[in-house]
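In the block that follows, a single chain appears as structure tokens, in the form predicted alone.
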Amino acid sequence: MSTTIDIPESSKVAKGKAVAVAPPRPGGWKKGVAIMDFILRLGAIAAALGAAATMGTSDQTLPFFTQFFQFEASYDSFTTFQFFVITMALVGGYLVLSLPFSVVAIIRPHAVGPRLFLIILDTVFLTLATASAASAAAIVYLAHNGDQDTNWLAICNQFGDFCAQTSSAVVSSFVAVVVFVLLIVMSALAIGKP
């Protein structure tokens, strides 16, 4: 007894091979953009909070002749650095709070509302991050090079550790700015293309 079934082929039907086509995945490339958005937000959180923490802990004391007479350089000696720490902490906090919206964009890749909301707020916080990074970069530049016209002496020869910390905080903040630009461009592309 045989378990095979023989079906005769009709001579009218042309013989060919069927191609198995997988159904398209829901979301497509927009889901990939949303996942990359989430990953970039995690990187921006690390950069922004790292910049705020590095600048906030920058402090160096140089003893002069005695223990009672000392020179100190710390971030709170400069209002620009205080602005930098507060702003980068706010940017990091915003990025943490924006993660749920990024998750919604992953789950619903064709939803325009969360992406538009993120673009608007990302632009606001990009402006804050750029302003604080640029102002801190100007002070770090003066600390490294000084300015002869205004009698601002370069202090990085004496306060090397302080200048190294502030410089790395500024670099980290500019990394966060670049990531913000990438986030805005990616979200705009995901909204614009069907």
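All figures in this text were calculated on a predicted structure; none of them were measured in a lab. The first residue of the sequence shown is number 1, and the count goes up from there.
Beyond what is shown, the protein has a form predicted in complex with a further copy of the same chain; the following relates to that form.
Peer 1: With the partner absent here, would Ile120, Ile184 and Ile191 each sit within 4.5 Å of a further copy of the same chain in the model of the complex, counting heavy atoms only?
Peer 2: Yes.
Peer 1: Taking heavy atoms and a 4.5 Å cut-off, does Thr127 contact a further copy of the same chain in the model of the complex?
Peer 2: Result yes; Thr127 sits at the interface with a further copy of the same chain in the model of the complex.
Peer 1: With a cut-off of 4.5 Å between heavy atoms, is Leu97 one of the residues that contacts a further copy of the same chain in the model of the complex?
Peer 2: Although a further copy of the same chain is absent here, Leu97 would stay clear of it in the model of the complex, with no heavy atoms inside 4.5 Å.
Peer 1: Asp147: heavy atom within 4.5 Å of a further copy of the same chain in the model of the complex?
Peer 2: Output for Asp147 is yes: heavy atoms within 4.5 Å of a further copy of the same chain.
Peer 1: Considering non-hydrogen atoms and a 4.5 Å limit, does a further copy of the same chain approach Val33 in the model of the complex?
Peer 2: Because no heavy atom of Val33 falls inside 4.5 Å of a further copy of the same chain in the model of the complex, the answer is no.
Peer 1: Looking at heavy atoms inside 4.5 Å, which stretch does a further copy of the same chain contact in the model of the complex, given the options 165-173, 130-138, 49-57, 35-43?
Peer 2: Contact criterion met by 130-138 only.
Peer 1: Counting only non-hydrogen atoms and a 4.5 Å cut-off, give the residues of 80-106 close to a further copy of the same chain in the model of the complex.
Peer 2: Only a single residue, Thr80, comes within 4.5 Å of the partner.
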